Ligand code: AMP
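The chain that follows stands alone, in the form predicted on its own, written as structure tokens.
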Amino acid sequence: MAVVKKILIVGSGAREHAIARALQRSPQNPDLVGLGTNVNPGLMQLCRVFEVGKITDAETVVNFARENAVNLAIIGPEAPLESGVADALWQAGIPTVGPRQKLAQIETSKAFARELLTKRNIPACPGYEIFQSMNGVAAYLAELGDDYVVKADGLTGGKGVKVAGEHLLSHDEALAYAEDLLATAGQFVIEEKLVGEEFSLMSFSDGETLRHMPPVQDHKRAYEGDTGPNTGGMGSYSDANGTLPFLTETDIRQAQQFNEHTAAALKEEFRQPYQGILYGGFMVTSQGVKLIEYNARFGDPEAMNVLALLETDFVSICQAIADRNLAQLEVTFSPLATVCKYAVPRGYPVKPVKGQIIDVKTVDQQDQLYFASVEAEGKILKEAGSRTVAAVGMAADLAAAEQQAEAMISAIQGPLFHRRDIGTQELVQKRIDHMRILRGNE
């Protein structure tokens, strides 16, 4: 590939704002253009051209790319991957970071992901069954007892998984949810409930070589103390030196190996390289690391943590993914801790307020804010109904990073709330204590 000059960013959330920030830091000084679903003020500032359009429509994306003479595209969200936008861009001669449609099934179909790993003897899966009817569902639930999870098979924005004892309080509720999924998607998965601590491990992949990012822990529950409904993610943290306080080096290496084996399995399955971000959502248990699910792109909020730490030129990484020569590039991250906290609309995620004005001018570190579901109307910012603004603190230790993030997110004005407990010593210690008990160290 020629030296990258013009880069298309597909998407308009905080993840894409973080991608644009990381690209902007490149000494190659790329020309950024964006196509998204809302007028994100952060992307408007960083992109020479930014338009709102149907990002899941391949023809729309390709035409926009051609009009702006881009020579590299980066797809942020999962929906365009599912609809084959990466395939169309490659066919148009535009190298793309983001897997082709068939390979993106590792995220877009939980049934496919489980079957692939089982077929390729990758020992990451809990017990599971895939159902296309209600036949056998009650019997499998009886076999699992109170330790089950019911999962929608397709994309649900992080809200299609219901866990026994948290979202489902009886087998009758589980059966009702399964019937709903059958009616809407025609297929669902029931799995053994894993007990442990969740973490995300994302990897850059060119189809042959993977370069791993630091592990991050996300917080899905809406309210403090890990209570309330599931969300797309209320915040996340990573510890210094590429670790998490409750993980061992063996845990991290096991997750990295699962990503490596899965990328190889996808290439073998489809005879195509997985070029993009492979994001494993893992659970460390008393029996080692197990896979909760795979995603085919950067996590949101996890992208803000890892890209803030990235030392290697991000443009060079993207170029190496597209050129399939990632093996020639060393990828490094700052040895710092990060804490990301989201401010979300009052009432989120059930009945969020919309169209309300927010004010971020009182935040000192503007370059550590990432805009998500925000509409810019001139100089006025309004909530668009989902997660609104993220703030990332970065420091030598978690305590200092948390204090930074809390100070920034608290300074934003408007009908918003956030989880004050993310990254705090009290919450992190609960994770450490939980794993100590599960590993039999207490």
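When you see a residue number, it is the position in the sequence shown, counting from 1. Note that the coordinates shown come from a computational prediction; the quantities given were computed from them, not determined experimentally.
One more form of this protein exists, namely the form predicted in complex with this ligand; it is left out here, but the text below deals with it.
Asker: Could you tell me which one of E198, E269, E208, E224 places a heavy atom within 4.5 Å of this ligand in the predicted bound form?
Answerer: It is E198 that has a heavy atom within 4.5 Å of the partner.
Asker: By the heavy atom within 4.5 Å rule, which residue out of I358, A322, V161, L144 makes contact with this ligand in the predicted bound form?
Answerer: None of the others qualify; the residue that does is V161.
Asker: The chain here is shown without this ligand. Which stretch in 129-137, 92-100, 286-294, 244-252 comes within 4.5 angstroms of it in the predicted bound form, by heavy atom distance?
Answerer: Among the candidates, contact is made by 286-294.
Asker: So, K151 and this ligand: in the predicted bound form, are they within 4.5 Å at any heavy atom pair?
Answerer: Residue-level check for K151: yes, a contact with this ligand.
Asker: Would you classify L116 as touching this ligand in the predicted bound form, given a 4.5 Å non-hydrogen atom cut-off?
Answerer: Contact check for L116: no, nothing within 4.5 Å of this ligand in the predicted bound form.
Asker: Does R346 reach this ligand in the predicted bound form, with heavy atoms at most 4.5 Å apart?
Answerer: No.
Asker: Would E179 sit within 4.5 Å of this ligand in the predicted bound form, counting heavy atoms only?
Answerer: Answer no; every heavy atom of E179 is more than 4.5 Å from this ligand in the predicted bound form.
Asker: Using a 4.5 Å heavy atom cutoff, which residues in 192-217 contact this ligand in the predicted bound form? It's fine if the answer is none.
Answerer: Those in contact are E192, K193, L194, E198.
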